[in-house]
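Next up: a single chain in structure tokens, the form predicted alone.
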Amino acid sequence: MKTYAERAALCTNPTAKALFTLMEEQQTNLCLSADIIEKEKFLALVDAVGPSVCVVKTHIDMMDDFDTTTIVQLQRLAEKHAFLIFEDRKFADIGNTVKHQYQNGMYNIADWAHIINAHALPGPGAIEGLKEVGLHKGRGLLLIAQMSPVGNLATDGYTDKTVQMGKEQSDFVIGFISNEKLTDDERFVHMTPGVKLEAGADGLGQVYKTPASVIKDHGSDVIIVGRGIYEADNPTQAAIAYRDAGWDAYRARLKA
């Protein structure tokens, strides 16, 4: 099992290289899912937990009071705390449509998001459309190969085909949203949502896994945590706890 730093050396995509490098340097494999609808609360949360994360994941289109200053301030926080920005847009349309959704409109996602993600359902044309915009900017795409809710349809053959598409576009595809490690190709990062310090469920189909289960037992690389941090009484301390748990699991995996 290679370290994050060793894997960074294998990567040709600038975003993949930057992600593995800062994970090693910052000693964190925690991604904050900042699902906050008010701008000031969103920015305050990101500032509070920024030192503990390698990635901040946004749902920019759910923000009630979004304006152009939101992105400028987010970028400043990314520079201040040394994290990457991941817009969780989940593109899922034909290539020409996703190309414009990525580059145009009121959000101009390609201008500020280091990482985006997409469903594989539309086929390779969607990847090509996004790639036309993002590759020359040095951006990276995660394909959604698996999902965490009970009853989701991203299983078995769908997952296998998604991984294959990623391998065929490895200059732009940097990894997968998944519940586990899906390939031995060390250039790909696996990011897993639905993580809490204690396993459980939320009553709406979401199943939570622990950092140790995700990183050590199932071989993923990055834990994605939302409510476990932003609903905590002290989000800063909660982020530290998740960061430490994720990093301890990573070190244990290296020793295994």
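Numbers follow the displayed sequence, beginning with 1. Predicted, not measured: the structure shown is a model, and the values here were computed from it.
Below, we refer to the form predicted together with ligand S5P, which is not included among the displayed structures.
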Point to revise | Residue contact check: residue 147 to ligand S5P in the predicted complex, 4.5 Å heavy atom | key: yes
Exercise for review: Answer with yes or no whether residue 88 is in contact with ligand S5P in the predicted complex, where contact means some heavy atom within 4.5 Å.
Suggested key: yes
Review point. Heavy atoms within 4.5 Å of ligand S5P in the predicted complex: does residue 63 have any?
Key: no
Check your understanding: Might residue 33 be said to contact ligand S5P in the predicted complex, defining contact as any heavy atom within 4.5 Å?
Key -> yes
Check your understanding: Among 52 to 60, 36 to 44, 215 to 223, 65 to 73, which stretch has residues with heavy atoms no more than 4.5 Å from ligand S5P in the predicted complex?
Key -> 52 to 60
Check your understanding: Any chance 97, 126 and 176 all have a heavy atom within 4.5 Å of ligand S5P in the predicted complex?
Key -> no
Exercise for review: Could you run down 109 to 130 and flag each residue that has a heavy atom within 4.5 Å of ligand S5P in the predicted complex?
Suggested key: 117
